[in-house]
Every structure is written in structure tokens, then in C-alpha cells.
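Below sits a lone chain in C-alpha cells, taken as the form predicted alone.
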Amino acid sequence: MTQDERQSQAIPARHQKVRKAVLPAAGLGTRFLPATKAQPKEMLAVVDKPQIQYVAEECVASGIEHIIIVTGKGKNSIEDHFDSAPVLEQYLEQKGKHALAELVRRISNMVQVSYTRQKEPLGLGHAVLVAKDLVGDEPFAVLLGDVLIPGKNPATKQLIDVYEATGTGAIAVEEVPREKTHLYGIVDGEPAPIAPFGERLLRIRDLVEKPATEKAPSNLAITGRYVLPPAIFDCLERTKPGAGGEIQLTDGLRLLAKEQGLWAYIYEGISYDAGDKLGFLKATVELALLNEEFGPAFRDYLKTLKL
């Protein structure tokens, strides 16, 4: 054996870098009517930023270079938000509000953004499939725009680390109360501790969508963050539509897990389902408390409330 061959065996295989992310944002947002009658739910502000900006910032913090947003009818304001705004920037500069001008400028400059349309609401799996041509033959992340996971260690980055170390797709999961498993997609997994991920990593045997409490295989719920190989597109193309003609991402993931393997990773962090009214309120309050500018004053105000 030559020295080069010995070195190649000693160095772990390097798997393809995850550069792209898909953000499905074509839903109608009916749970937030009438607020979403004329604006996308993804643009509803949590404290001082629209939901989708939090998700885009998580992508950037995770090393993503190209975001693909899947939109639909009535979603033009999402494109406007991430586009440049020279008139607004010039106005702010003229008024001496240089920090605000830079804040606006930074939104349009932080990452490359492309758009594609899902013409009909045919399910989350179909929305991901619509992005196939823009993703190409490389691994990619999927982030649900109404799931917010703040923190210095982005959940997406944690999944990317798993993928780039193993070459196998990974989805984020978190523990939920047993009596609430019927509200989530639940994973059936077995521990597969691999350094440096330890007991947080599980090999998925199956995924069950909103099982009855007594039939749930675990209390580990899918959280809205995924890092997937391009093979998921073939799986989705072979996935039969379910109720309402929708192609569900969970069904495609079940096929991927069976054919190529799939990890579940108990990520570090806390998620907020901002697509739910109560979750939206929780996200607003807790992110406001974390705000460096007015968080302490807001905390003091909350303490004065007599409910």
C-alpha cells in the first residue's frame, strides 16, 4: 500500500457541501385570517421582523449561500422585502438615519435569493418538488417559514453538520408531551450514537403523521427543519397524492428512509410554531424579552400585569 493510499484511508470521506435552502411559502395562511387576507402569513411581524426574515437569517448563520423561496399567488411582498429599496434607502440617508438605511440595505444583500411558484396548493412535498430545477443535483436544507428557532447554534447548522459528516439526510426532532403526539409528525427511530453527535442521533425506521397517542411510536416530533439529499426529489415524484390531491413531504421521507436511510436529530434549541396563533403570541413575547434594546423594559412591564 502506498503512502497516498494509507492517507486516503485515514481521512474521512468529505461529503458534498450544503449550499442551498428551500423555504416553502406558498400556503394561504387561513389560520390567521383576516390578517392574511391581503398579506402573506410569512410577512406577519414577530416583534420587528417578518417571520420569513428570521428563517432567512438562520440560513445565513448556517452557511447557506442560496435561498430558494417557493411562493404562490399574492406573495409579491416577500420578493419586495428581500429586494433592494433604493428610494427608501436614499430617504433614510437624507434624513440622517444611516443605521436604518444600513439595516434595510443588509436585508437585500445578506444572501442570494431565487423564487419559484407553486401554482396550486398541492402539499408540502409538492412545494419542495417545485424547487427541483433550482436545487439541482446537490443536498439542500428545507426550512418551514412559520417555525422559528432562535439561538446562537442554528438548528439548520446542526443538521448540516450531521449530513456533511455522514452523507445521509437528517431531520430535526424535539420531545413533546405524549398527550400531544397527535398534533405532529412522529418518528420511529433507534439510537445510533456516532461521534460527535452521541445520543441525539437516531436512525429512522418510520415516520407517522399525527398518530393517536396510544399508537405513537415515540414522543419525538418533526420540527420543520430538514437537510436532504437530491434523491428526495425522485422519492417525491414516486409518492402518490393523498387527501385533496396533496403530496406530503412525510410520505417522501418515509420512502427515502427505507431506500437510503435518514437520521433524526434531537436538536439543541427551542422552536416556536408561529403558524399557530398561540405559538405566534409565545414567539412574540419570548423574542421580545430577548431583544437587547427593550427586552428588560418589556420584562418589567409584564411584571406589572395583574391577570
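All of these numbers come straight from a predicted model, not from anything done at the bench. The first residue of the sequence shown is number 1, and the count goes up from there.
Heads up, the form predicted together with a small molecule isn't pictured, but that's what we're talking about next.
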| task | Just give me the single entry in 262, 26, 59, 46 that has a non-hydrogen atom within 4.5 angstroms of the small molecule in the predicted bound form. | result | 26
| Looking at 151, 167, 121, 211, which has any heavy atom no more than 4.5 Å from the small molecule in the predicted bound form? | 121
| Has each of 31, 41 and 127 got a heavy atom lying within 4.5 angstroms of the small molecule in the predicted bound form? | yes
| Contact test in the predicted bound form: residue 160 vs the small molecule, heavy atoms, 4.5 Å | no
| query | Does residue 236 make contact with the small molecule in the predicted bound form, using a 4.5 Å heavy atom cut-off? | reply | no
| Using 4.5 Å between non-hydrogen atoms, is residue 155 touching the small molecule in the predicted bound form? | no
| field | 4.5 Å heavy atom contact, residue 202 and the small molecule in the predicted bound form | value | no
| message | Tell me which stretch of 182-190, 100-108, 142-150, 213-221 has a heavy atom within 4.5 angstroms of the small molecule in the predicted bound form. | response | 142-150
